[in-house]
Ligand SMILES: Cc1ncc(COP(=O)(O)O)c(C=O)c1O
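Take a look at this single chain in structure tokens; it is the form predicted on its own.
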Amino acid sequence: MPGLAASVNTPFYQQHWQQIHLPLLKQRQTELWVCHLQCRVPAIAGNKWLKLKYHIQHIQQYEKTGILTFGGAFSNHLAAVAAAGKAFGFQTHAIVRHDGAVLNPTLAACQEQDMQLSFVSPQQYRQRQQSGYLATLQQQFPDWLLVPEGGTSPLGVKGVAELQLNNTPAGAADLICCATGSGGTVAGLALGHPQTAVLGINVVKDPSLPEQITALAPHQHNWQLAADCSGLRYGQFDAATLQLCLQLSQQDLPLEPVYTGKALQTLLAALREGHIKTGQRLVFFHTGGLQGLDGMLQRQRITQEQYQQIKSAELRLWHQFG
């Protein structure tokens, strides 16, 4: 992989700030700033480049063949790993939790980036963290780097910890918030901002998430978790969350309702209900995931008009930031 180290170490993303205006925020005398990461490879935007940077460096340093990783059929992580492999010249292979559904836009995009896919049942997929199963996979792929689901590992956390979110264009942040599924982003933000409170919105209903974050950041106590306010299982969303996504698209803030939209809806609900005190400056880290809109459209969970409205907001946002 000639030139990989140089590519990894050159500036790969730009950090952009966007202030959001809503009646609730004005009423509660609260500032809300959204931080976006624009990446030279769009599919590795959001938090994905941060999680993958040191995995890619590990591949280069130890001359690994590529990355073997895990994800669901609509995984943002798989899409990012596939794009990274294509961009930086290493092979990628995914163990995909699959229930027999037809090939969707996410997996089709992965294959277009030359990612190999191995489909397993949900029951077999649950073994992805078991040492025996991982040892067997490592024997089958001896020269590959095994990367956990979501890129959540000490290397992934190290990358996230480098991101600085505590200084907005208007001043210091009182609270940093993000959606979380595997815990790596929350752990990295807590490590990188030891003097700032970090709030993770758990959108996957995983009861082991606090334990996972503690293992990744054992000496950090500046973070907490909140369950998303919809009460729905991962992958589902309600009309209120979709409406928020459509409303904020008018401010050129593109969100999808399964992950980032659900997290921001929960943050606003916590503010409305008094769980977050007034007069603060809040930061919401946009972790990406807009590729998932393609699958929602394919499954007719959003209309073509709704899809186009959010995607147009995405285009306007990046045009604004140049």
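So that there is no doubt, residue numbering starts at 1 and follows the sequence shown. Fair warning: this is a prediction, and the values are worked out from it, not measured in the lab.
The same protein has a further form, the form predicted together with the named molecule, not shown here; the description that follows concerns it.
Contact check for Phe70: no non-hydrogen atom falls within 4.5 Å of the named molecule in the model of the complex.
Contact check for Ser182: a non-hydrogen atom falls within 4.5 Å of the named molecule in the model of the complex. Although the partner is absent here, Pro257 lies well away from the named molecule in the model of the complex, with no heavy atom inside 4.5 Å.
In the model of the complex, at least one heavy atom of Thr152 sits within 4.5 Å of a heavy atom of the named molecule. Partner contact region in the model of the complex: 286-294, out of 270-278, 286-294, 52-60, 22-30, criterion any non-hydrogen atom within 4.5 Å of the named molecule. Contact residues in stretch 38-68 (any heavy atom within 4.5 Å of the named molecule, taken in the model of the complex) are Asn47, Lys48, Lys51.
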